[in-house]
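Below you will find one chain, with nothing else, as structure tokens; this is the form predicted on its own, and questions on how it binds or moves follow later.
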């Protein structure tokens, strides 16, 4: 019976999400984005570091013939003769995977502290929550900037720095929604029936706040992308010549004045389109979950 209820609920969610055409197309846009990156890396011989000495500043040109296939350098080359498409694919992989890792780490760590401090009235947990929440007064990218200057520039260190900077935000969100739900009648009824704290959280409280957590996670993911690309633009994430969308824009800023705009525009459009699609999908999920629960 419960499986049929979950199936019908999932079908209802998909139908409501499908009615929001912007969120529906944003979802398929993100799916196509991931398939493009994964398929290009799996089936196309790409080298983001290879320098073609005779092909500096080649503009984007897409052509196809049955004898030669798809044209080479479809997105052009940069000032060192490197394939912009290859660097875009590897840069998108690095940016999105490390941003996703930062979002997952910050959500798990922040959620753990927020939930425990709301469920258990421990002085130590409250002190930890207050210390974590006090760090929230700093802008996440500024805090990440301070951490990365200590750890040193690399994509792994940048992901760790962004995760640490986003933990206070998720901690406060989880603590507030858990404290608010704990005051409701259904939680008091479950506790009066003799359910333990962990059982109450797993069976009653978490299913009612799961939707909010999913939405907050998608927002954290988009924030992590923007923070990671900002650090890359400042030269604090990717190492020398390592492809990353933010660093690709920074290292080619001078090329804008020479008319070679595609070197900057292509990674910029990739960042903007991906973040906008995530935010649109997040709003669509929120509206779908809200309408489904009515």
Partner chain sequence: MILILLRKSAMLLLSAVILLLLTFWFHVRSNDLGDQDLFLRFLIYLNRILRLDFGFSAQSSRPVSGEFLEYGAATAELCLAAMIPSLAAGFFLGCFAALHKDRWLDSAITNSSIMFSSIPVFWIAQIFIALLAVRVDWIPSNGRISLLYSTEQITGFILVDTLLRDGFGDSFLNALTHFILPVLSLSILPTTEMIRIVRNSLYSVMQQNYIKAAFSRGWSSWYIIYRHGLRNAMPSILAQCGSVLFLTFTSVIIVENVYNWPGVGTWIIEAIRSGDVNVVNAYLVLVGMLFVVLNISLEFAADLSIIYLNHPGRGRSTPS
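Residue numbers count along the first chain shown, from 1. In this text the structure is predicted, and so the values were computed from the model without any measurement.
Beyond the structure shown, there is the form predicted together with the partner chain, which is absent from this document and is the topic of what follows.
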Heavy atom of each of 139, 145 and 226 within 4.5 Å of the partner chain in the predicted bound form: yes
Per-stretch contact check against the partner chain in the predicted bound form, the hit in 253-261, 40-48, 25-33, 53-61 (non-hydrogen atom, 4.5 angstroms): 253-261
Interface membership of residue 134, the partner chain in the predicted bound form, 4.5 Å heavy atom rule: yes
Proximity of residue 175 to the partner chain in the predicted bound form, heavy atoms at 4.5 Å: no
Touches the partner chain in the predicted bound form: residue 151 (any heavy atom, 4.5 Å): yes
Heavy atom of residue 238 within 4.5 Å of the partner chain in the predicted bound form: no
Residues in 266-281 with any heavy atom within 4.5 Å of the partner chain in the predicted bound form: 268, 269, 271, 272, 275, 276, 279, 280
